[in-house]
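Just one chain follows, in the form predicted on its own, and it is written as structure tokens.
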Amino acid sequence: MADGPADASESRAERKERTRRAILDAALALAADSNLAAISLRQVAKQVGVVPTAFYRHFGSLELLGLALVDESFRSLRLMLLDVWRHAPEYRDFIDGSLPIVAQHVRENRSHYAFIARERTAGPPRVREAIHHEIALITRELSTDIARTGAAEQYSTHDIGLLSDLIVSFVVTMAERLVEDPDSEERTLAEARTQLRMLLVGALNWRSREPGGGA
């Protein structure tokens, strides 16, 4: 029970965070075979071992709990990808640097990625919007780093955005495949790497009509 006897040295803030963590984990577990919309607040509270009113001390609704899970799922991934991209000498190096990072993150946070894969299409509206916002944010950050490598000399800003969107879409698909079939990680990574390199063959030979400007 999350609100059971606590260690005397545990502060009130630590107990609160422990219960919050237990609520998040319970929601992930309960939604594993369906989605967030199919579970109830009472189910989550019962799983954690708290009364429903205790749930509201941490989250105003199941939808807000879902938003917290979205934020938790993407925050560390974005930081790791940014670190890779900002140390990549050329934008083609983003592929070899990014794919192992994503695979590792899926491996270590499989329940979160399974949650994202389900809720991206079947979740409550605000949760779906939050997931799409996070993916769009990663896409914009990738665009910024591609431009930093000098690609702006041959691509328009619009085309850099299109290229970034293609790359991120491939990576999202790869992550979902890793969730569905974790035993095929090596093959999935190899296929995604090949697909993205094929994409870049065309990208490297593309010249925007107005480099550095509009479409």
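All of these numbers come straight from a predicted model, not from anything done at the bench. In case it trips you up, residue 1 is the first one in the sequence shown, and so on.
Below, we turn to the form predicted together with the DNA, even though it does not appear here.
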Which is the contacting stretch out of 183-191, 43-51, 64-72, 157-165, given heavy atoms within 4.5 Å of the DNA in the predicted complex? 43-51
Can you work out whether Arg21 and the DNA are in contact in the predicted complex, taking contact to mean some heavy atom pair no more than 4.5 Å apart? no
With the partner left out of view, is Arg177 within 4.5 angstroms of the DNA in the predicted complex by any non-hydrogen atom? no
How about Arg57 - does it come within 4.5 Å of the DNA in the predicted complex, if we only consider non-hydrogen atoms? yes
Asn205: touches the DNA in the predicted complex, heavy atom cutoff 4.5 angstroms: no
